[in-house]
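Okay, so here's just one chain, in structure tokens, the form predicted on its own.
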């Protein structure tokens, strides 16, 4: 062995310094490509006019903090999960509750709607992801049909179905993400690379793109290949936990929201951060981000109870929305782009349009 003459400490130290110098070289190469900033390119783009968004519906029924929500593909139903252990399916038009499940644990941090609209997935401090089929039989016992799909060694922080009801992607406080088969509960692929809790994930929007992005407490956003389980790109410019990641509608970029009170845009083809959305007056963390359907607006929910609307190209704030009475924990634009829904620690969800 070539390292026989070296002490273990020496080899580690030399490898560490080599890794650091290689990192530096990579940064230099990246910097060479930085010829122009996004907001400079966007100077010629017309400014956005005034637009008015109001709370159109308020969904009340959770007994504690709302932690997560997701839209159904039918553009009408919403699933939400809460610290009270309840998972509720709502009709966002009428505000009626269609289904309710009481989980075996409090802090249900993750919930997702299946693409078919026939099932929901949820989990949290139970370290599991459970799938419940939805039927309109009023006498049914949903808990009896529950299927435990994913098992982690720490809390479940996020979950999302892939393009079918058959597979589910999960993120966990154990520092990993994993892809599971819903029917058998088998682990299909695991994703190791984060140095701390993974807090969020988002699937690439295209049918063909087998990639997803995750963010976590190690301040890193990582892009993964679902087939190989390998991390294909990593971005480390945030100064605190990344609470939310969301792909740009084209799939060529993604946004992140962090406890460092900024949202950032990363271009995957340029392999770098291209925009920072921040203001001196914003000192609270961003908990959740999502793009408008066109990708021109970025909606971001903050811990100071507000929702800021950013012009993605120009980097400026175009609107600030008030209404929630506690921190905004989750936010999603509806599939047809006509509205968005926010969930808050004030126990309510609001639909804005």
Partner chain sequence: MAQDLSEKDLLKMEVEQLKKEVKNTRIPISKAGKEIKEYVEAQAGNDPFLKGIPEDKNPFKEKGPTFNALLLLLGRASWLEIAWSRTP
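Predicted model only: the values in this text are computed from it and were never measured. Residue numbers count along the first chain shown, from 1.
We do not show the form predicted together with its partner chain, though everything after this point is about it.
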Three-residue site 232, 265 and 340 fully in contact with its partner chain in the model of the complex at 4.5 Å by heavy atom: yes
Selected contact from 133, 195, 209, 115, since only one has a non-hydrogen atom within 4.5 angstroms of its partner chain in the model of the complex: 195
Residue (of 106, 184, 95, 102) lying close to its partner chain in the model of the complex, criterion heavy atoms within 4.5 Å: 95
Any non-hydrogen atom of residue 146 within 4.5 angstroms of its partner chain in the model of the complex: no
Residue contact check: residue 85 to its partner chain in the model of the complex, 4.5 Å heavy atom: no
Contact test in the model of the complex: residue 239 vs its partner chain, heavy atoms, 4.5 Å: no
Contact test in the model of the complex: residue 299 vs its partner chain, heavy atoms, 4.5 Å: yes
Among 123-131, 85-93, 256-264, 161-169, the region lying within 4.5 Å of its partner chain in the model of the complex by heavy atom distance: 85-93
Residues from 289-314 in contact with its partner chain (non-hydrogen atom within 4.5 Å) in the model of the complex: 292, 293, 294, 295, 296, 297, 299, 313
